[in-house]
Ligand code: E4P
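In structure tokens, one chain follows: the form predicted on its own.
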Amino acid sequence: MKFFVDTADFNEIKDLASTGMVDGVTTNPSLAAKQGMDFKELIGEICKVVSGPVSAEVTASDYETMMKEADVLRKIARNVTIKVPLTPDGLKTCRALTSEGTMVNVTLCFTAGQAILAAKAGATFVSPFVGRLDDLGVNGMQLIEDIVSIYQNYDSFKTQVLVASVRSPQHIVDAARIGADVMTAPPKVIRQLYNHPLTASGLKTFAEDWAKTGQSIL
């Protein structure tokens, strides 16, 4: 499963990329607004650090303006993925862009039916929001399981399932178990995967035992 990092914080992306943990980046207008810099410049800087797909979301809601915004964004770098909402105009934009060879991430997916529409429109990625469904008392990971199962039935569906609105390491593990293609999570959640009390206590014991020997490798 590919790891995308869900942030527009350039320093966070650069730090995680150095660990090999970043296969791509997802951003949205809310995340970008927090950085206080020109959006196009920000996407360009991120694309210099990450060679994988970098999602840049359009802000328009109508087809004609979405296409104009997408034309600007995809010229920033070859790995820019245009992010569009799962609406009729968004899917129309998706179809037009994919026919021209542009990667498209269809976002704000909350049902398996919507995911089918995204695949029919030729989306590169579809982003179901598991955390937001969980907030409503709906099992978000069940939606991922349903979409993965449906997509596997049809060789013509090439859309990758990108698990979004990830809130915890368990979401990441569940996504991998189900067989999702990609997950995107905030840096904090990705780093939580490192943490376990037995790892910390084991390392402490090793360090103490080594100190008792009075040796140094250097």
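As the structure is a prediction and not an experimental result, all values here were calculated from the model. All residue numbers are counted from 1 along the displayed sequence.
The same protein also has a form predicted together with erythose-4-phosphate, omitted here; what follows describes it.
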Partner-proximal stretch of 71-79, 86-94, 124-132, 139-147 relative to erythose-4-phosphate in the predicted complex, 4.5 angstroms, heavy atom: 124-132
Triple contact flag 2, 159 and 161 to erythose-4-phosphate in the predicted complex, non-hydrogen atom at 4.5 angstroms: no
Among the candidates 60, 67, 31, 173, the residue which, in the predicted complex, approaches erythose-4-phosphate to within 4.5 Å (heavy atoms): 31
erythose-4-phosphate contact at residue 167 in the predicted complex, heavy atom, 4.5 Å: yes
